[in-house]
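Shown next as structure tokens: one chain only, the form predicted alone.
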Amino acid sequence: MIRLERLRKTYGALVAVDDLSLEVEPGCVFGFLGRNGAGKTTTIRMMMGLLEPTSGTAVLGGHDIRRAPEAAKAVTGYLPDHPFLYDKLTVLEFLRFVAGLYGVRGAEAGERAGLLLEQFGLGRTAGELTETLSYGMRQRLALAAALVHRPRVLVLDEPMVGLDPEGALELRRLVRGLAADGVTIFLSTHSLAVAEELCGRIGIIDGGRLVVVGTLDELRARAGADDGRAISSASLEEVFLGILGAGGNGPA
């Protein structure tokens, strides 16, 4: 599970994330949505221990990221918005290296790496340097690396960027399968259609503040109440724009 407890990040007078609290249950795919600059990536970087919060904390799989960072990261897979790969390692070497960071070594590391490469359509590239891969293939490899230690929490920051239709379809299937196995998934995306398809619960952040959290039906009810009309069949895109528009900032 994931629990964010009054996460706050300020830069002088600028409040990037403002006392954000939420909870994601095991096996839930949680969609984290917002405009550019709303605070999504800042929140995720604090969750992952990459950015020190001004106050508050995140609990991942029962481990506080500030008090027990190694334990929290050991149960968490993370795909950042701009993944870093070691260009002079081969694809297989890179996966084995990441596995080793999580204590998975030897034959087991090789077996897991091989299975992931086949799953992500990278089997033929195993001996190639990562610097030779296309952007989409690099994205697939970074996702495979996030899964090599079989995490129980998975944090994805814009995972669809650079993926071709086949890769995007495979990722959606993967997310559904992992959630069915009890993995807790925190998904930040600009693709509202993907969020509508995959996410059981959704949170919308705007100006660093969590505006609303709930199922799509609950968000529809909120948007309808704000706007004074019934939108029980509205798409997530319509709901998203309606909620943020009702907040006075207008559509993105």
Partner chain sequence: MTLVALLRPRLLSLRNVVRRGRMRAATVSGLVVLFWIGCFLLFTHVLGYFHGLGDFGPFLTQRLLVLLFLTFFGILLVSNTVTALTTYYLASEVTPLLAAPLSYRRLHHARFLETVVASSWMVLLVGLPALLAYGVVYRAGPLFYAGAVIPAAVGVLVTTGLVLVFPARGTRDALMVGVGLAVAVLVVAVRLLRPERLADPAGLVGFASLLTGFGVTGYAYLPTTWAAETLLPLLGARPGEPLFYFGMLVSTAAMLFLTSAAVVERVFLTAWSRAQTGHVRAGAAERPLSRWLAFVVRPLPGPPGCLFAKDVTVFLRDASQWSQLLLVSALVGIYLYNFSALPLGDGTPLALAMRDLATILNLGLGAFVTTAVAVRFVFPMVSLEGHAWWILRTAPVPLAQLWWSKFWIGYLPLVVFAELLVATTNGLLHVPFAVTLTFLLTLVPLMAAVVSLGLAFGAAYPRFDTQNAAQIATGFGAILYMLACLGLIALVVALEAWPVSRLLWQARSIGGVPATQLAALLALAGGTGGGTALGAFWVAKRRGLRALARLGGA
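Please read these numbers as outputs of a predicted model, since none were measured by experiment. Numbering follows the first chain given and starts at 1.
FYI, the form predicted together with the partner chain isn't displayed, but the following is about it.
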Exercise for the section: Tell me, please, which stretch of 49-57, 30-38, 193-201, 214-222 lies within 4.5 angstroms of the partner chain in the predicted bound form when heavy atoms are compared? Expected result: 49-57
Practice task
Look up in the predicted bound form whether Q119 has a non-hydrogen atom within 4.5 angstroms of the partner chain, and give yes or no.
Solution key: no
Practice task
Mark L129 yes when one of its heavy atoms lies within 4.5 Å of a heavy atom of the partner chain in the predicted bound form, and no otherwise.
Solution key: yes
Problem - 4.5 Å heavy atom contact, G162 to the partner chain in the predicted bound form - result: no
Handout entry: Contact test in the predicted bound form: L169 vs the partner chain, heavy atoms, 4.5 Å
Key = no
Practice task
Identify, from the list L147, A179, L92, M137, the residue with a heavy atom within 4.5 Å of the partner chain in the predicted bound form.
Solution key: L92
Exercise for the section: Check each residue of 172-190 against the partner chain in the predicted bound form and list those with a heavy atom within 4.5 Å, in sequence order. Expected result: none
